[in-house]
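First, one chain by itself: the form predicted on its own, in structure tokens.
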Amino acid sequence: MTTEPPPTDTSTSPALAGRVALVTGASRGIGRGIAERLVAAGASVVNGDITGPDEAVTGCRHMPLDVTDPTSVADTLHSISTVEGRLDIVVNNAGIMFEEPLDGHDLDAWHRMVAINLTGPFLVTRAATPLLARRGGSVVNVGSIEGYSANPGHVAYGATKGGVHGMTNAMAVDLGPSGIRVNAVAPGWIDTELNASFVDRHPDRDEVVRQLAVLHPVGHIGAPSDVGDVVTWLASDAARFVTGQVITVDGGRLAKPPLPPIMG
């Protein structure tokens, strides 16, 4: 037995017209790219961020949000319900990253990474579930290719992103009966302010950019909008039968086993 979706006129109506989305950490980087693509698809977007954006995205409303604080999360969800009257999409993007080797790893730093990167998506999704269930909604968590493999000094980051991938599967199972789909994206190297700062520190920046491009079969690194486009699709009715999935957005980087430089 199959259930056919109702027909939609996609030629005249944006994919997310009339829908309300919460994107955590949308003031910059990947989160901003996601917010911009959701707005372009017709959604009204709330940027839930502990700090405000340097430059607001047109069609995006900022609401203060600390994803590690259950009271802050509850207050923000209440404000969305009051101001917008509905919530259809949640994108759990807020996160941090630092490098610290396992030997001597600071415990407070570990707890902070877990609180933001892993507990935050749990708290936000839990609080958003009653609103999302009114119409059936979509949750998209932002993981990372480092949920599969890790760079040096990324013990906490890799652990939290791997946790996000596993939590995505479990959320999809629990929330499916309420009509809520839960998926994740796993970005690779994306041209964000944070990643640009790593590149800019190197004395031969151009060579770093060239070598980064070579890592990717597509021949270049990604842009925040590349992630935003995949998130927009996952949030739309076009992905109505997709849940519990982690979509890798990395230009093929993980598909290409590394070779010694002499053989590259």
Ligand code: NAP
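In this text, residue numbers run from 1 along the sequence as written. Everything numeric in this text was worked out from a predicted model, so none of it was measured.
Same protein, other form: the form predicted in complex with the named molecule, not shown, and the subject of what follows.
Among heavy atoms of Lys161, some come within 4.5 Å of the named molecule in the model of the complex. Contact annotation for Gly137: none of its heavy atoms lies within 4.5 Å of the named molecule in the model of the complex.
At the 4.5 Å threshold, heavy atoms of His216 stay clear of the named molecule in the model of the complex, well away from it. Using a 4.5 angstroms limit between non-hydrogen atoms, Ile80 is distant from the named molecule in the model of the complex. Put simply, of Ala56, Val208, Ala238, Ile50 only one has a heavy atom within 4.5 Å of the named molecule in the model of the complex, and it is Ile50. Out of the listed residues Val46, Ala43, Val67, Leu234, Val67 is the one that sits within 4.5 Å of the named molecule in the model of the complex by at least one heavy atom. With the partner left out here, the named molecule still marks one of 102 to 110, 168 to 176, 82 to 90, 182 to 190 in the model of the complex; by a 4.5 Å heavy atom cut-off that stretch is 182 to 190.
In sequence order, Ile116, Val142, Gly143, Ser144 are the residues of 112 to 150 having a heavy atom within 4.5 Å of the named molecule in the model of the complex; the partner itself is omitted from this view.
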